[in-house]
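Read on for two forms of one protein chain; each stands alone as structure tokens, with the labels structure 1 and structure 2.
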Structure 1
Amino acid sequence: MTLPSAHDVALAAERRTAARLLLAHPLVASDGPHADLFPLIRRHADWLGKRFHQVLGYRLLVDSSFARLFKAGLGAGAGHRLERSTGTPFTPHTYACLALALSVLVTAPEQMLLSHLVADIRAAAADAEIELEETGRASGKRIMVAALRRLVEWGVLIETEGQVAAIVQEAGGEALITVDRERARVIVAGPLAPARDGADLVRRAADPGFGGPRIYVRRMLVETPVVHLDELTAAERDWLRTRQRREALAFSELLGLEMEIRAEGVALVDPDEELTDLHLPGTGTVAQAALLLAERLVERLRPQEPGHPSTGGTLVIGVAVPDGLVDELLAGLITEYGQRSNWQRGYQEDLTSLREAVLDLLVRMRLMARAGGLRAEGEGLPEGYAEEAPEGRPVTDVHGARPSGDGWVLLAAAARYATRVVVRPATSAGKGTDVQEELPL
């Protein structure tokens, strides 16, 4: 075996950079904000295409002016969403408007006037039997602008003269729009045609297909912050537990992500803290409050003797958060940190809005959740998906590892942000001098 040369190291670094960029931004334009890295994607297009297909079952399309990684769905409650420039999440109406605009654009001519585009979108709405909010009204116009602005951001629309925001102007502002039909065609990645309805689409899009548990688990690891064991079927848990160390090595090499393997699940963490769309720990009132809340909740609710069944412990993936505890802790945090850390006044004064924002962030980071259906119990599985582990293989039992009902649940991974160092139970100290081995869990 020879040592890797400087060239090999540089090559691996370039590929890792390109792969990370595509995972963070599945549509990269040669003239967009990541124009400087686009040549890397072009250079390693073949290698990247093969790797993404082999590892994650994703298709990569590299064109002369853009690169598109066709990602799969993440199932229900993924916690991703499109937002307006103001940070307001898209409403169902705004999404509908976006889909209508795309339906116009895939057959649109090279250039069109904004007013024609709007008229075509309204015609499409009529075809789809959707009642668009009266576009004469300001709110209706703003919805239209939000959808079109998103298309401009994606590079599907190019504002040749004027801006799409002209719609909201009085007296019919006009703009000349150039349409990139190629890009309009690569916006849709999900299996629209076979899907029966929205819920069916969500289910089908997350279906790993022939890749089975291998592809599904890897996608969850790469795309989501934490994978708790009860969010996997028995077959998926089996695959993960037998493969986790090798996968850790592979993801470290391929993407520079470090794997944290615990009894309750696995998380891939980015040491550079770049490969993520949300930051926790992060800056700002909500991120700070969320971190502090998680820390205090863990202190209050940490279960007795949690562990892994194979070492005699009790698997606890989530603990119920009593009603009112979140509010109580948040109120305390406001008193303690609000002034000192200069929290946003709106949040300091309105506990409800702070709670909503903080819980939203913690849920999206998979540190908290609403109690509800779990994949381990068959929730959200595509039809004909093999969920049982190969016969005779012992799999960690996750039954009852998180509370049922309809309250909030604090998830195990939140405990990694607790500040108090916990004294390990005496059992591990009494084990003697043996090397600690990975158990075949």
Structure 2
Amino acid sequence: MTLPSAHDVALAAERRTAARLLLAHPLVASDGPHADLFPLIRRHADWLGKRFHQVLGYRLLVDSSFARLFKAGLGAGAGHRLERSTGTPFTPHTYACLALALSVLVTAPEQMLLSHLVADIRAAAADAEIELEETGRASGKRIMVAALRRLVEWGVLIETEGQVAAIVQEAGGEALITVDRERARVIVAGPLAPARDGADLVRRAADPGFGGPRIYVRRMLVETPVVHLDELTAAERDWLRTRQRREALAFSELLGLEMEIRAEGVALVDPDEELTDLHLPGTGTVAQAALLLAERLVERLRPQEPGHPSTGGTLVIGVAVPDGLVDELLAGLITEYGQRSNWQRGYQEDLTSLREAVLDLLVRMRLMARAGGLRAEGEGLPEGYAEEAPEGRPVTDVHGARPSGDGWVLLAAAARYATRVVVRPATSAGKGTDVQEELPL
């Protein structure tokens, strides 16, 4: 076997660095926080464009001042939310302000006063029959500022004189802003023209098109922490299970990711932890409580004899969480860790608030989910999408692998965060104590 030359190794490393950056930050500007790597993207623009299109069905646009990777999304409820600098998620009103601002900016003059932009946004809201929170009130001003600040971060708005926060800081505050219309036009990734409304836009954007199961499964792998088998149609499960070893090698070469394959599903793991906006274990009250809750739930609900149907076992992707158990465990965790771990007082005194924040994180990590319709059952599929495996090939049966109903479900991936330590007595061969960690459910 011929070993790759030093030039080939360096070339692959450059392309991998650029691809990872674009995947984590789909809009990279020559004057933004990743400006030092922008020349790398331009140098390999053709190769990156072809690879992203072949592998993920994503379009890459590289301009003289920015690069935009159009990531299509995975459908309703599967997007990466935007957050304020405080970590507070955008509200529907904030998203509405952001969308209205973009609708105004694509045809705005190169420079305009902040007060004129706010007036245009309000006029656009009236035309679209959208009721915005009154921008004269403090809460309405904060929402508007959050949306405009995001546009500043993306380089769509440039604060030439003053800041967009002047709306909040001063009565009648003013600023002169410069508008990058070209950048405003590439923010929305979905097909705007044929979409009837917002929901239709999300649905159309997530349609893998001619790529079918191949494109959808790859997008799931790179855009979500873990892919459970019942989140895929029969055709997608068939494609994944027959290709997973080759896909593992391809993703390792393209993005430096390692594939972890289990009976319940597959995950792409980033050893450098750069390609995720979710971190668990993490710092802060919510992350600590979420990790401890996952561990306690696995201890309580671990199935007795999970297995794989091909070996005569029973596939368990999720188990039902009894009503009240989450609150019971969280209350115990507050008593045990609240004060000594200096958890936020607000969360210690408000169990409901802590529960909502913790479950939100565990759902986004795909460690817990609400019981309900699944893609394996046809939920959320685009019209005409092929569900069945080709030529009737047998695939893993996921029917009943997670409970139905209305409650919460603990998913198999949670076991990855709940190591079980088994201490064995010393043997005659060694005086020390053996410690073994067991991971699977």
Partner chain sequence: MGAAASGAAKDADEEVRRRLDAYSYLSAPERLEHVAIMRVFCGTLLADLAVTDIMGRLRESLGSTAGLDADTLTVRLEQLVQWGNLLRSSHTVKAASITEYQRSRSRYQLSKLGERIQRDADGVLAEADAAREVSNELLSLVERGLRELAGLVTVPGGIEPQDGLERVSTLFVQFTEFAESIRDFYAYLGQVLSRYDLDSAEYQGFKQLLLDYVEAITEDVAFRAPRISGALDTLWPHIPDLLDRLDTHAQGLAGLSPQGDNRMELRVQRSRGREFADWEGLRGWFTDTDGQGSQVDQLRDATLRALQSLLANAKRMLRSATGEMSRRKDLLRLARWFNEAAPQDAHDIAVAAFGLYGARHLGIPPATDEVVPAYTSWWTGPVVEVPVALRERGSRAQRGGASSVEDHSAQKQRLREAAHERAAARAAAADELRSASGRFAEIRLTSAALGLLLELLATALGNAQLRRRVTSDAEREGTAGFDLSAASSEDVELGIRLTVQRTPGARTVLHSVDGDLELDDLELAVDRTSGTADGETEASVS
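This one's a predicted model, so the numbers in the text were calculated from it and none came from an experiment. Just so we're on the same page, rigid core means the largest C-alpha set that superposes within 1.5 Å between forms. Each residue is numbered by where it sits in the sequence of structure 1, with counting from 1.
For the form predicted on its own, the corresponding chain is the one labelled structure 2. Once the rigid core is used as the reference frame, the Cα position of residue 289 differs between structures 1 and 2 by 2 Å or more. Comparing the forms between structures 1 and 2, the C-alpha position of residue 332 differs by 2 angstroms or more, with the core used for superposition. In the core-superposed comparison between structures 1 and 2, residue 109 has its Cα shifted by less than 2 Å.
Relative displacement of the residue 198 Cα between structures 1 and 2 on rigid core alignment is 3.2 Å.
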